[in-house]
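Before any questions on binding or motion, here is one chain by itself as structure tokens, the form predicted on its own.
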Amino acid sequence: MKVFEGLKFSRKTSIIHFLDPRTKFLVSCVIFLISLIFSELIILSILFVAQIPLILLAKIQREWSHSIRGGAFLIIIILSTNLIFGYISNNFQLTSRLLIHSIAMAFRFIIITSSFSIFFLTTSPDNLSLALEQSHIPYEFCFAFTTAVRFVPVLANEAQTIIDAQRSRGLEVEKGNFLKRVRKYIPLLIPLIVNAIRRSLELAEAMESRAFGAKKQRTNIYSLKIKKADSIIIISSLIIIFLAIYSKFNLQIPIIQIPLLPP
């Protein structure tokens, strides 16, 4: 459940936390797009290293590492799937290009997970909802999205509590074959679903008691403003994505070769 810690806002004082949520979302989208445009391991490595200063400035090293470790299972699946299918389609021959491509695909997932983990760790749900509203998105969608962001870590903590409680009663989740493990998750899912339904009913009653949706024109006590630092980062991000697209079609990216393997 540690992967969901990357979606939980970490209240700290840093330069990254004070940036406008729209600016941070643009940076995350730029990183996401560049990771999709390029499949070369060199570019993806540079993109990963470029995120490290953001993590250090935001002081979220521990939470970020938990989200990456939580996604280790998916990283292994992506790496092994690319290796297996590439090995089969390449006449059962392991080449340097195939191995580098498989590593790059796994690295791409790490970069995407890391970029949006930084965004959610440094952006409070209140500011996120306010940014969506000021972007002229209907409040109902803003409320639904921010509520989901709030409750995903809560449900993850509840799931971990249920797992610990069932383990104390002798339930061994990790043992047995795949089908036995699936059956063992039923005692975990049922109380989790019941708790989620109970929580949703409480939320619906709280919304009704506050006359949710009674007035179409909403007002906010605070408003977000694009500061000078935000403007510089937005312009720099747009320039970077433009240079990335230009490099993709006009420059030759060097390919890494692994010794002792055919190219």
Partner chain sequence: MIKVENAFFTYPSGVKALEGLNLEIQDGEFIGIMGENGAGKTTLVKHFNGLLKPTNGSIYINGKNTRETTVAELSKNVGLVFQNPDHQLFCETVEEEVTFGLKNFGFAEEKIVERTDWVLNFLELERYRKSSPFILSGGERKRVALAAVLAWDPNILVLDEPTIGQDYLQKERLRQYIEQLNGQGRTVIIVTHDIEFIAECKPRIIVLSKGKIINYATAKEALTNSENLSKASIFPPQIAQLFTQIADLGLPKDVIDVYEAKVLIENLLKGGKRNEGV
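The structure presented is a predicted model; accordingly, all values stated were derived computationally and were not measured. Positions refer to the first chain, counted from 1.
Below, we turn to the form predicted together with its partner chain, even though it does not appear here.
Looking at its partner chain in the predicted complex, residues Glu158, Ile162 and Gly170 each place a heavy atom within 4.5 Å of it. Shown alone, this chain has one stretch from 87-95, 185-193, 74-82, 107-115 that lies within 4.5 Å of its partner chain in the predicted complex by heavy atoms: 185-193. When its partner chain is considered in the predicted complex, Arg198 lines it closely, a heavy atom lying within 4.5 Å.
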